[in-house]
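In structure tokens, the next block holds one chain alone, the form predicted on its own.
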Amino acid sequence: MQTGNGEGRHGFEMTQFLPTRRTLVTGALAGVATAAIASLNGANAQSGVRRARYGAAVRADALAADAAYAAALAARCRLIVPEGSLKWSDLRPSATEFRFTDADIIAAFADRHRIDLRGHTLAWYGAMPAWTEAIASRAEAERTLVHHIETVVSRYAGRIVSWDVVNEAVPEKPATVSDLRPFAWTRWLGADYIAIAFRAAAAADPNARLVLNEYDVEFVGARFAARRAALLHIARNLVERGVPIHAIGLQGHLLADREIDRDGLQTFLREVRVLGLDVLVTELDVIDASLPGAIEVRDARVAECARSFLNTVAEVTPPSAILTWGISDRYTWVPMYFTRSDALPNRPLPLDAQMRPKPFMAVLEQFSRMAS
């Protein structure tokens, strides 16, 4: 978690979530449920279109303590990804230590239930332990980054099927397509850190699918268009240099009152296809803080928001995987930063806090393949 610079759980700048348009009034939302479910049988779910594998982010502590949570994951997921256990801040208490306890718990759960495992993340500005600030040269930076990736990826080689190698490389408001977030790796390695990370991951596990993961590329507005352009610039540069990259990860942390840029996102995805890259949806949820409190209305709007996003993506390049950032409202990062003004619990995920499916889950079932 990053809080010192006004940014939140996933590197989000809190000001970016101020609504850019008014939420639809409750009366207009009342009919959304019927329309959302009906539309699932339409163009967004044509037979013959590749359906993604469904998965979710997982917390090791909850797996150990909550049987209902573990059962829900086992019943529905073909993929799981540790929510935090493979980030630097969790794995690397010091320059000489690796702590794999929580990640191994999740890997063992995946093995028991024959669920594939994703890795998140090998290079991210938001989870850097304080000791990395003492790195004092380019050579030391490259050595430290490569050693970390070699150690972690090789440990799970053959078990983790894909890695978010570089996460959120694009700054909040890129002025040019070459802008990158400043942190330890860009300080010493510049843009080269991205290629270094991908090459090290490929060397450690040649069979893993390697992903460039990013958020805030789906909405209407100049800032989001600039972020798409910057992300495409990174991907194109990697491909042209022969760096091993297989896919773009669209995080998909959606705000229910913000419009999906259908044309802009689809244009971006066509360029991704030209590069020969796959697409995954890696961290999907719907932030409902500004929606009306009525559960039926709110859940319908959340489902419609997810449907709109997934349909926009699938029309161009059906994603090979769709993962939500958690499976149940019982365990979600959203209320840490998006507490509702009416004090009602947030409902951003496909299962409610009692592990009951919501309309969001019906949307996911149309676009993806579940374990059961």
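Residue positions are given as counts along the sequence shown, with the first one as 1. Here the structure is a predicted model, which is why all the values come from computation and not from measurement.
Absent from the display: the form predicted together with a small molecule. The rest refers to it.
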Q.
If the cut-off is 4.5 angstroms on heavy atoms, which of these, Trp185, Phe198, Trp124, Phe268, is the one near the small molecule in the predicted complex?
A. Trp124
Q. Which residue among Asp288, Asp205, Glu83, Asp216 has a heavy atom within 4.5 angstroms of the small molecule in the predicted complex?
A. Glu83
Q) Which one of these stretches, 63-71, 302-310, 333-341, 316-324, sits within 4.5 Å of the small molecule in the predicted complex when only heavy atoms are counted? A) 333-341
Q.
Arg118 versus the small molecule, in the predicted complex: is there a non-hydrogen atom within 4.5 Å?
A. no
Q: Check whether Arg51 has any heavy atom within 4.5 Å of a heavy atom of the small molecule in the predicted complex, and answer yes or no.
A: no
Q.
Under a 4.5 Å heavy atom criterion, is Asn167 part of the interface with the small molecule in the predicted complex?
A. yes
Q) Does Lys87 reach the small molecule in the predicted complex, with heavy atoms at most 4.5 Å apart? A) yes
